[in-house]
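Below, in structure tokens: the form predicted alone, a single chain.
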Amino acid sequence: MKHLIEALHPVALSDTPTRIQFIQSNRWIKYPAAERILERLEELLAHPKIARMPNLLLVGETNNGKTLLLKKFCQLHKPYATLGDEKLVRPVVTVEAPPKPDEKQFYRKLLDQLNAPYRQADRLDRMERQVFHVLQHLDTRMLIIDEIQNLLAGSSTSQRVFLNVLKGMANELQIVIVAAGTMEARNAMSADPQMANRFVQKFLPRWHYTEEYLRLLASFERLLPLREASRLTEPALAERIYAMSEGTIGEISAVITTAAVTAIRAGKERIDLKLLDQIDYVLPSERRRFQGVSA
């Protein structure tokens, strides 16, 4: 099993349920675009407190790795207790934007994330003070808000009010705010030109059929506990996976994961063109058409 990293040999020799569960679990694979963004996030986290903190808007297409990248960053900066007084420190807090720009829903989500008690009937100003107090007490230095394009579900007035809430948090707490979302996120942030100017945009681009893409396939193969080499980087297989995934890393992962599970269940132990033809996989563009969304 030279095609696998050595640490995976025991997994490859384990039973079918164990191997399938391993394949279907989240896995982090390094690639240059993600590494550059992780480096920038590290720089922002280490930034000293100043009156106007730098912020970042992470933009990418649906299922192109944004959320997994942010989870990876959070895993690198888990909460910890200080020595001596054992004070709990939570340097990074992440929360999903509410389905529409609603301040109270936002504060509730944050308090839930912070495990802070509150009453549903609490007034908005009380919840705001509590959020600020808890974030200060935890020495939080970065707030990550995913799915920021949800702001577009509200009126232009409510969008501006929500962005003012973020501006107030950044100014008063002197923390870095990272907003992440689909391409529509840029429109959401532009509701307030002053806020839009504060957020430097970073993009997770769609994959192209390049050497970098082939290196990504090679990395996937080393982490799949199949007992035979699939040689995913050979042109016929690589081109088929690229066509099926339509170039986003989430779909590339989904194609390979589905194929690997199918291979194990069929006792085949490798992925080939015939097996890719057999898996039940619908192209992302066809799924969007089915949902009535323009591709």
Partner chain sequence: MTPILSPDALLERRILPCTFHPSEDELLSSWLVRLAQAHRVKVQLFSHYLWPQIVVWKRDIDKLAPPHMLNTLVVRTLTDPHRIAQTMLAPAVERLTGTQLLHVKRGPTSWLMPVGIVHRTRQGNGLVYCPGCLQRDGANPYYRTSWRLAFYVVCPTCGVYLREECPACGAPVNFFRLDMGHQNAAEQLLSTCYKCAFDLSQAPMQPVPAQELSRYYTLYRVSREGWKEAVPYPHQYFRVLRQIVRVLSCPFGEALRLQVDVRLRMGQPVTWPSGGGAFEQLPIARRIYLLEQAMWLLEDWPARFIRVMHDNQIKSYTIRRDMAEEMPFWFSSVLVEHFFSARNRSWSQFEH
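Positions refer to the first chain, counted from 1. In this text, all values refer to a predicted model and were calculated from it rather than measured experimentally.
Another form, the form predicted in complex with its partner chain, is not on view; read the next lines as being about it.
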In this chain shown alone, the residue from Arg186, Lys167, Lys87, Arg160 with a heavy atom within 4.5 Å of its partner chain in the predicted complex is Lys87
Which residue among His137, Arg108, Lys71, Arg215 has a heavy atom within 4.5 angstroms of its partner chain in the predicted complex? His137
Does any part of Pro193 reach within 4.5 Å of its partner chain in the predicted complex? Heavy atoms only, please. no
Give a yes or no for Ser155: in the predicted complex, does one of its heavy atoms lie within 4.5 Å of a heavy atom belonging to its partner chain? no
Does at least one non-hydrogen atom of His208 fall within 4.5 angstroms of its partner chain in the predicted complex? no
Hey, in the predicted complex, is Asn115 touching its partner chain, heavy atoms inside 4.5 Å? yes
Stretch from 217 to 225, 75 to 83, 141 to 149, 199 to 207 whose residues place a heavy atom within 4.5 Å of its partner chain in the predicted complex: 75 to 83
So which bits of 162 to 184 sit within 4.5 Å of its partner chain in the predicted complex, heavy atoms only? none
